[in-house]
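The chain below stands alone, shown as structure tokens; this is the form predicted alone.
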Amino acid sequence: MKQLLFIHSKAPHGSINAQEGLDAMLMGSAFAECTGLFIGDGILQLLDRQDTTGSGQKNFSKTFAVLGDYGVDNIYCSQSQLSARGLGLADLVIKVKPVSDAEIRQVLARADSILNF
């Protein structure tokens, strides 16, 4: 089966990139094996207890919880970038596997196609 890697590297609010990336991953899971990789400001998409009140934007972070129902079981985040932001796994809305930079290269190498949001 084709391997699609969705890289989430943008902040959760301020543009539609983050929500479109999540939507694309959910749709892609119907056709291929999908993996999610959260790097840079994309890690902020996974923060628990986001408050979008007053921003005019929808809080879509709870939608990440359905990824497993769609067969998206491989969800990674950069351990070094998570730590650089002063965050830990307990701060995230879903369970992810923290990976080193070397492991990120392996995740990239396994993908047939890479989509960056």
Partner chain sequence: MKFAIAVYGAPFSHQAPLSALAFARAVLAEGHELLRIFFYHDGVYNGNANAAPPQDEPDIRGMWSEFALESGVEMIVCVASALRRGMLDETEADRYEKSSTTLDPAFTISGLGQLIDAGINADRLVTFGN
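Because the structure is predicted, anything quoted here is derived from the model rather than measured. Positions refer to the first chain, counted from 1.
One more form of this protein, predicted in complex with the partner chain, exists but is not displayed; see below.
Interface residue remark: G28 is counted as part of the site for the partner chain in the model of the complex, having a heavy atom within 4.5 Å. In the model of the complex, the partner chain lies within 4.5 Å of some heavy atom of A24.
Interface membership of K2, defined by any non-hydrogen atom within 4.5 Å of the partner chain in the model of the complex, is confirmed. The closest heavy atom approach of H13 to the partner chain in the model of the complex falls outside 4.5 Å. Proximity to the partner chain in the model of the complex, defined as a heavy atom within 4.5 Å, singles out one entry of A32, L47, L89, A84, which is A32.
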